[in-house]
Ligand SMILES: NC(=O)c1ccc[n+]([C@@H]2O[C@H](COP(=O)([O-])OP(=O)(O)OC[C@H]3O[C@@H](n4cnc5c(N)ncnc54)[C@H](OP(=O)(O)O)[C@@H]3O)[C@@H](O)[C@H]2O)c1
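Quick heads-up: it's one chain on its own, the form predicted on its own, in structure tokens.
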Amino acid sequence: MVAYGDERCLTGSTGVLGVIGDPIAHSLSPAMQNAALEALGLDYVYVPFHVSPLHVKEAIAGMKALGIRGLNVTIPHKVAVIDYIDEIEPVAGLIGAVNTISNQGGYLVGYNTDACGFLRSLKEEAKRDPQGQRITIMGAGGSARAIGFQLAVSQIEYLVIANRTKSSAVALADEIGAKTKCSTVGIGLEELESYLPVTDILINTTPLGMHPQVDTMPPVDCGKLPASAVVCDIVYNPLETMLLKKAAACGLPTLPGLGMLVYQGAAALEIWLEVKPPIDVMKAVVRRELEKRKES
């Protein structure tokens, strides 16, 4: 975008990126990605698009027709968009969900940066390589699916999926195991306690602890985890959930969800524009936006 005084202005050559979802007004991605684009000095704008489930096909066709360079995809469209793109990257194919689409001259390729975003956060912020680790994921929804498949192809020792509805945990664990040959087991949350002493990395993918229910957490006795275990929560609002507070009180290292949010967005920028995203800028903007929302 061209700058006039202190304003950045759209021009006829400004490239368009965006995010589709339903709802979409709450998304932090526009603030985060536009700050990154400005810091990089790129003539692009990132726009939120409210798309109902009835119009996903038309939205993806519109991406081609309007020459939109890239789209992020959020709830509830991550599975539906697969039917309307031309190619799906292998890990996204395993997961069966797409959160990033790249428009390569009218040829649409789907990726899942949720998976690699978590992995990068784990490695860079928690300083923990998942290889050889015993990992337990709480939850069996879309995020658990993305993270589970990514970890399963990262040479971990084994993966436990724990969920309130045991049948969902078993189904996801069996699917991950069958597709990746990783050793997996699905359990009910009531069985979690017996697995904690042999867990190296514990990950919460449930909404327990998310604003406004900040005083909730999964049924975890952090004192039963090994002293070296890292406790992760993909919830980023609040930045420190009740689970992470309890883990820190037990002297355990913790990993909040902010990193996953930022790194998945950074991965999308890398895919679309082949740039090195300004991680510090993106983190600062997300923190600022969360503070503003807390005050409002």
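Just so it is clear, the structure is predicted and the values come from calculations on it, not from any experiment. Residue positions are given as counts along the sequence shown, with the first one as 1.
Just so you know, the form predicted together with the named molecule exists too; it's not on screen, but the next bit is about it.
(request) Please pick, from V235, L244, A229, A268, the one residue with any non-hydrogen atom lying within 4.5 angstroms of the named molecule in the predicted bound form. (result) By the 4.5 Å criterion, the partner-contacting residue is V235.
(request) Only one of T205, N112, T136, N72 comes within 4.5 Å of the named molecule in the predicted bound form by heavy atoms, so just point that one out. (result) By the 4.5 Å heavy-atom cutoff, the listed residue in contact is T205.
(request) May I ask whether N163, S168 and M260 all come within 4.5 angstroms of the named molecule in the predicted bound form, judged by heavy atoms? (result) Every residue of the candidate spot has a heavy atom within 4.5 Å of the named molecule in the predicted bound form.
(message) If we define contact as a non-hydrogen atom of the residue within 4.5 angstroms of the partner, is M210 a contact of the named molecule in the predicted bound form?
(response) Close contact exists here: in the predicted bound form, M210 approaches the named molecule to within 4.5 Å, heavy atoms only.
(request) Look up in the predicted bound form whether G142 has a non-hydrogen atom within 4.5 angstroms of the named molecule, and give yes or no. (result) Residue-level check for G142: yes, a contact with the named molecule.
(message) in the predicted bound form, does L189 come within 4.5 Å of the named molecule, counting heavy atoms only?
(response) Yes.
(request) Choose one stretch from 244-252, 45-53, 63-71, 260-268: the one whose residues place a heavy atom within 4.5 angstroms of the named molecule in the predicted bound form. (result) Going by heavy atoms within 4.5 Å, the stretch is 260-268.
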